[in-house]
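The structure tokens that follow cover one protein chain in two forms, given apart as structure 1 and structure 2.
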Structure 1
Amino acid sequence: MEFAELIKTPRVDNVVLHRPFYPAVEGTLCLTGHHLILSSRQDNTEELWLLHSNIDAIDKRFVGSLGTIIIKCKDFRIIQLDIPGMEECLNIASSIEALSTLDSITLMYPFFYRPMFEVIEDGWHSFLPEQEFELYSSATSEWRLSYVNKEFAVCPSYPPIVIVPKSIDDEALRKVATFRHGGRFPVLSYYHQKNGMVIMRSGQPLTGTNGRRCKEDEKLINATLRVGKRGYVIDTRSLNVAQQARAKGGGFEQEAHYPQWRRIHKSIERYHILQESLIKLVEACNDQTHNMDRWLSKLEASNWLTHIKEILTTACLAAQCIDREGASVLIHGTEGTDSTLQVTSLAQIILEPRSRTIRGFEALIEREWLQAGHPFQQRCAQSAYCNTKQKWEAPVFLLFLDCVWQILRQFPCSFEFNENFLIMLFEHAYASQFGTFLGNSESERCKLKLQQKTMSLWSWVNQPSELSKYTNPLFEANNLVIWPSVAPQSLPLWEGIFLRWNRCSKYLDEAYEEMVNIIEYNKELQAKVNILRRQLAELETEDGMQESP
């Protein structure tokens, strides 16, 4: 098969692996079509299994005939392999380079991965749009499922099924689609059961410079308003950027045509600005030489936390409109596939207790990221070590996960999942044996037949044995809206992801374990006490019966 051609040297002995905080390991290095494996061939010593697709960049250097390959991974880990023999080293390096940059999706590992576990619940069917809609349909009859995009003809980046106002027919939707960027007509993102307010999302309206309008569009979004109520359009671009977009045929909702809507502009960055931010941040985290002050200024210069603050603030604003102002919200940026989704999904974390549970969060990712057409394939093709300038990479999803972590840190008892769950999702978005994050949209995933040919991440994660790793022992269902603080003092660096490989986490891991133990022991006792109470009660009633004739 094809891989064999790329693997010039499949095996090298006496390779030494260096990782921070671990002793060096000597062993045999093997390359397979999808993995780089280092085995010490001793019992109970660790082996390294690294997906080629997790490799972001490699460096090589030579001292005499000893070659060294430095592998920089998409999860920010950096490892070093010392390989004896210049030729072997060169061969290995070029194989890794080739295997980690395969063009064809169908050559990716998910298409070859055979699960070693029994699939109890097929994750591909865990979160069907119809089921999700049922949750709403008991509360409201103002919305309906539309199959207008069945063949992906109306909007290539939308799923086949979307939720739209009941009063708007498919014909109108087709018209609206022509007025919205990428055909992304406004659809329901979230229904706030408490007061019936909604979050909708879309692409930008294609008003252009001459202020084009679309009656159906106006009718559609007005259909979501209650009588006498006003709504908010949150544009995730600054007014300036939105105005410039008109020159390229884009634009924003003019007050004159949408009198019931107030427009708010926020400024969430996109694309290369975010990618550069990530590159700078990871560089700062990996630099161990600078003094205290340089660390802070590099952290500042990366702007990562500025992005976090901006995204969270916008999400809070949206949530506030819904919950406090009692007003519905339409959110879009340009395409409606990046900053829009960050805001809609974070607003739901704030507003909706269900999205803070494990299944609810999975459903949220399925709905607001995968189905909503976030182009994972493009955005996650490269990570912090990429040095080639490519236009489409951006850590949009990672920023979202970071924001969730920030809320989790502020409300440590309100989430059913823990930090590890977020880290796991980050890893799988960038490199995975599962097909979940492949492709850029539902239509691409359909064409790739991912459901038939690959395994869903959820099938694996939702096994009880896996779930236990990701369950937050502190969780106590909290049915309230949670309002995070967005003050800079409240938004620290997410060490669990950015300093993960640069610090010794032993003591923190021990603390987590201790926490689990405290809670487990309590539950154990609770169970024991309950059993004894019941026994005692039974014995006593027996007693009583014996007593009374």
Structure 2
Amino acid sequence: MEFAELIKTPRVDNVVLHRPFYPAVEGTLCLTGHHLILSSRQDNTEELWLLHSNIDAIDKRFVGSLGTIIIKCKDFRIIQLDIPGMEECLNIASSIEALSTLDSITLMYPFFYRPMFEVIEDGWHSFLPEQEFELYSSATSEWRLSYVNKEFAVCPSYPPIVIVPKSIDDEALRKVATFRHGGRFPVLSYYHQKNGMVIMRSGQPLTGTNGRRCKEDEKLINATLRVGKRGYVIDTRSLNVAQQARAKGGGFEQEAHYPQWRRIHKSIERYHILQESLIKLVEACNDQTHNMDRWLSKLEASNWLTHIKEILTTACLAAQCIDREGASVLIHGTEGTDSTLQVTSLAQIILEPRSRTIRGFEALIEREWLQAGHPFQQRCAQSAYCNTKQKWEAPVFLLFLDCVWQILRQFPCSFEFNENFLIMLFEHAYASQFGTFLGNSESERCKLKLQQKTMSLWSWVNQPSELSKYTNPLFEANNLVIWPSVAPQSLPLWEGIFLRWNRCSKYLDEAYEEMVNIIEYNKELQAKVNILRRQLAELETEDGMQESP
């Protein structure tokens, strides 16, 4: 298919662009295969370059021969284009709708993007499982790398290489895979070097109504326990939902077969409930006519902050089991690709200082989201404005980023990255020139040959010039476990995401710049103090030598 076939009118003059916090701009609108571009002949007016894949929905309206297109973006921005001529307006709208809903992944922009920067680091090879395993292998010999899933034959949503107990061979893993949803047998998610406890993740066991069991599964899970120790299974579904799953062939670990494990149910919502929550929240944030009561009522009705609290509470529970109880944890819901990953990731941010650095957090996203099989292509296909709702969309990753922001806000000096880093990841998960978030699993990315045909997001982000935008000036390495508050009054709305197109950030940006300047000036003064102290010490040493006979 040629993009030209979808572009009915490639160019229109005298189009007026309206967008938040900018004056209206008149210019020429151009449509390419992947971008909507508006350029003005006015001096000092920046061009608008909008990826078609960032467009969630469009509305059209007409007054006489003047047409207006309202573009609603996946990053919650709303842009208005006033286009002279009804036919041109209809053609542009039709073209945008076609170009923003392409079915084939290989027609998306990452396959056509060519970097304008020098590639210093190949992000596709920055966070390989072997490298991550090396971090653990120095502390324990109880785990090994398994290549049982080399051709994605055992589990289509797992990576080719996983970390499993050394005492369990690959044949046993194959048997366990037939007993777990989607073949997702328990694998190592995190090793706590302080006490050797671990977090594992998996899909639900396929016990069914007959109480089916798997001796290899029981052996695998028990292999993670120390002598005389108990473990915890944290099921991210309510007991009622887990029991309903048994009727469909799923289920949960029976106490009789897993006597050393205590099962805890913590209900975390999923799928359409989360999508509807996002839609309600964004709608409330965009309505400027609310009085205080109505705003608070709509915010509460969205249930967004309730979801944040549920996820953070479960992550804190997992971290407490590891650090305070000295017990290992297995986490799963149904598939093990959504709420499970939210909890395992956040528990690591609480427990592991490395996960709070920029590279450590990137490694966490690679390991616990991309390689672990979170279906980004399905979950991020649509955002808060799209009218045609399908079953698979859900802001699972955005909720995770919001939870991270909540912890960052409570511990502003413990994270090497800032809020802009989290916002950037949200934007690229929904629309990007990079191939990192394309596809639903490592298996799909392999078939699409993304490493050969697209650029990794990490190749761009990890350039020194880019990293400076995302570095937290307040960062001081903190090697302690950090315990976030999950009290309702401790969990505010993330304004940087949900209100950034509704309120001007000029003064906040100026205050941030001033803070950075003060910190830099303080560092300079500290360096001078250190030099003067050294000089003073040298002078005192010289005086002492002169006075001695």
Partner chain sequence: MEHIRTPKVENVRLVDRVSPKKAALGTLYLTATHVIFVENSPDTRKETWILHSQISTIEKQATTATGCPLLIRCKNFQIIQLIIPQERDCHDVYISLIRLARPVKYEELYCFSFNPMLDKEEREQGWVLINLSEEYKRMGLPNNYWQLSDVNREYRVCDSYPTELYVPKSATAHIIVGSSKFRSRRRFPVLSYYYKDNHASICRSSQPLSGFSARCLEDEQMLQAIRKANPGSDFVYVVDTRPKLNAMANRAAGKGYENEDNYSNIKFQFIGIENIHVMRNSLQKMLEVCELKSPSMSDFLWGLENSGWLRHIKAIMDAGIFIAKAVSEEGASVLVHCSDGWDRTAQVCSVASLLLDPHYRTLKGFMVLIEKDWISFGHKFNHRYGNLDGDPKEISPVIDQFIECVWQLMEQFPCAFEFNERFLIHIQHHIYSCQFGNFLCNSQKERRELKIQERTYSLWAYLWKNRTDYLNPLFRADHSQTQGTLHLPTTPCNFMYKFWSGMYNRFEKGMQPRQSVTDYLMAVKEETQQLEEELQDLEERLEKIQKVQLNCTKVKSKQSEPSKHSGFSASDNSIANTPQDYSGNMKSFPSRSPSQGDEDSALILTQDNLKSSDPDLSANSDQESGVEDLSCRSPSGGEHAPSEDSGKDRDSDEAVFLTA
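Nothing here was measured: the structure is a model prediction, and the numbers come from that model. Counting starts at 1 and follows the sequence of structure 1. Just so we're on the same page, rigid core means the largest C-alpha set that superposes within 1.5 Å between forms.
Of the two forms shown, structure 2 is the one predicted on its own. Comparing the forms between the two structures, the C-alpha position of Lys506 differs by less than 2 angstroms, with the core used for superposition.
Once the rigid core is used as the reference frame, the Cα position of Arg61 differs between the two structures by less than 2 Å.
Taking the rigid core as fixed, one finds a CA shift for Leu536 of 2 Å or more between the two structures.
For Glu524, the Cα shift between the two structures is 3.1 Å when the rigid core is held fixed in the overlay.
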